[in-house]
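Just the one chain here, laid out as structure tokens, in the form predicted on its own.
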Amino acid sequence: MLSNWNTWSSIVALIALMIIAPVVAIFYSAFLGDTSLWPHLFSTVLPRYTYNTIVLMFGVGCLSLVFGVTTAWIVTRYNFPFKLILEWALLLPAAVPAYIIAYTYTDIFEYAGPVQGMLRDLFGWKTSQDYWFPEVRSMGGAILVMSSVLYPYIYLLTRASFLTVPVSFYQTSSIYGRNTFYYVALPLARPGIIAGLALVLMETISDFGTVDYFALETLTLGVFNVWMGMNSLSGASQISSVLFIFIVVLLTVEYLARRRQRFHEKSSGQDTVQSEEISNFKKIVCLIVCLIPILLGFIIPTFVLLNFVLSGFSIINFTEILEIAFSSIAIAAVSALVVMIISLLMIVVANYKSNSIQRILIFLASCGYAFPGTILAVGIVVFVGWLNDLIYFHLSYFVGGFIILIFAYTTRFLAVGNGAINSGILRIHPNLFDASRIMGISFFQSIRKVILPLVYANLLAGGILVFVDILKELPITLLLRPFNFETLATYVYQYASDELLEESSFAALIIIIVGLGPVIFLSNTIKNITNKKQS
């Protein structure tokens, strides 16, 4: 139990403890700090925050399931026009932050927008009293907006599950006259579906920009309001502790689903799932079903933003936006590099130079991705406050602010880097590393000469995913950034909150374009799964 406490494992354990500390700080502030606000929160806002959060999670979960599962089954099972394009195009909405779609859809569907204006001109309506139109800035609007960009989580994992179902199972169900989707594909893909749903719900909980713009009082927005509006950090910690319960439940569900995801076929025959030929009418239906989420989640908002850029060309401050883009890319690149270095060190130590205590610490340090940015921001402020009481940092506030921001990004996105590195490490035989050590090569040199070349692709892929996640991150940046520092996300948020959508459109487009990188990576992942299935 106490073996392997050497220099490297001790360094990793210390880093893991620092990353875990903000979560511990949240509970300390909530239960051992100022608890006088608890009764007020319970009797006033907390029930409403909790109810709205549950309704939002339920709505987004259901609609995302409809979009993700149906499209995954259609592109896996049937032949229809543009299928090869739609296979990867269905992942495009993942590149668009939910808050950007919220801004564009509000402009389209609000009372003064083009859709309602066209309806009034067409039917001769004069005021809103003459007709009914759904309110986009509502719970229903938030559900539609968030589902349109979050369903790719379910689509990706569900399609991967459908591709790995042995063809003999489909053949057996056909022999007995059973529906292959309901009796074979859906039950066997259930772990992947649940895992994807858990990710969707965690992203729903984490969302800040959409619920803030739509004025939905959820737990995440409550943390922000109590902290900034009431100037109560302990109250924000108390709401965060309630939100933590939701996170624990979702993590447990996702873990149980992933643990059960083991389905094997012991035959050595052909196991490629052949796509079915269907009638022309069904081909049209399949095409429409697949196009709907792409239109809602990518094509419509992208074209709206392009129109904003063209119509507002004279008022967009391109110089300022490009400077902010450079700053955003710089902080995201540095943070991604820090995350991947720490991930590489952690995973190597966990696999080759650790004991059970260190592995538990590394696992706990990987849980930050499950927490909303607002929660982590609260914990990091409390934790940094502790450090300031113990140690005096001889740094300017400017430098110190960036260090805190990078630390926050590392805490939030370390799980992404750990997952990418771990998937590569598991493919390396332990004897390779042991042989290097036996030959007298140091631990660090063994990582550089043996491990790094073999996991380079995983390192690059993980770095790209972390980079884009940081570029899109809003609540952590909004709450912890230094004074007079903007990122593309905060720039878009502030201008859009003031209804200045044209001024923010170019910055929003840059975020989407950069976000296409991991979408291409995810598309290649699915293609590799297909190729392995056919080999």
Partner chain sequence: MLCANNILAKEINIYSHRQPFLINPFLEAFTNETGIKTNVVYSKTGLAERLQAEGENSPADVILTVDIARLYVYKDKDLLASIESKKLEKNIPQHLRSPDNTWFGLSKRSRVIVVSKDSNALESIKRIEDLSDPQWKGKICSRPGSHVYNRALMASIIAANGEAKAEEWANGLVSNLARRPQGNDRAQVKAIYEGQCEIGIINNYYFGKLKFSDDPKQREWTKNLKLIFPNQEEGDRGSHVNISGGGVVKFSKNKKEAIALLEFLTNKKAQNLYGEINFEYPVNPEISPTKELSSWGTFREDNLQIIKIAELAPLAQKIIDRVGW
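The term rigid core refers to the most C-alpha atoms you can superpose between the two forms while keeping them within 1.5 Å. Note that the structure is a prediction, hence the values are computed from the model and not measured. Positions refer to the first chain, counted from 1.
Although it is not shown, the form predicted together with its partner chain is what the next lines describe.
K.L.:
May I ask you to check whether Y111 falls inside a 4.5 Å heavy atom distance of its partner chain in the predicted bound form?
P.N.:
Yes, Y111 sits close enough to its partner chain in the predicted bound form that at least one of its heavy atoms falls within 4.5 Å.
K.L.:
Would you classify F506 as touching its partner chain in the predicted bound form, given a 4.5 Å non-hydrogen atom cut-off?
P.N.:
F506 lies outside the contact set for its partner chain.
K.L.:
With the partner left out here, check for me: in the predicted bound form, does some heavy atom of I315 sit within 4.5 Å of its partner chain?
P.N.:
Flag for I315 set to yes.
K.L.:
My question is simply whether S241 lines the interface with its partner chain in the predicted bound form - judged by any non-hydrogen atom within 4.5 Å.
P.N.:
Because no heavy atom of S241 falls inside 4.5 Å of its partner chain in the predicted bound form, the answer is no.
K.L.:
Looking at P187, G117, G385, G419, which is the one with a non-hydrogen atom within 4.5 Å of its partner chain in the predicted bound form?
P.N.:
When its partner chain is considered in the predicted bound form, the option within 4.5 Å is G385.
K.L.:
Ok, N280, T319, N231, S356: which has a heavy atom sitting within 4.5 Å of its partner chain in the predicted bound form?
P.N.:
Exactly one listed residue reaches within 4.5 Å, namely N231.
K.L.:
Using a 4.5 Å heavy atom cut-off, indicate which stretch of 462 to 470, 506 to 514, 486 to 494, 59 to 67 touches its partner chain in the predicted bound form.
P.N.:
Heavy atoms within 4.5 Å of its partner chain in the predicted bound form occur in 486 to 494.
K.L.:
Aligning on the rigid core, do we see the C-alpha of N484 shift 2 angstroms or more between the shown form and the other one?
P.N.:
Comparing the forms between the shown form and the other one, which are aligned on their rigid core, N484 does shift its C-alpha by 2 Å or more.
K.L.:
Note yes or no: does the Cα of L122 move by 2 Å or more between the shown form and the other one after the core is superposed?
P.N.:
After core superposition, the C-alpha of L122 moves less than 2 Å between the shown form and the other one.
K.L.:
When the rigid core is used for the superposition, does A215 move between the shown form and the other one (threshold: C-alpha shift of 2 Å or more)?
P.N.:
The answer is no; the displacement is under 2 Å.
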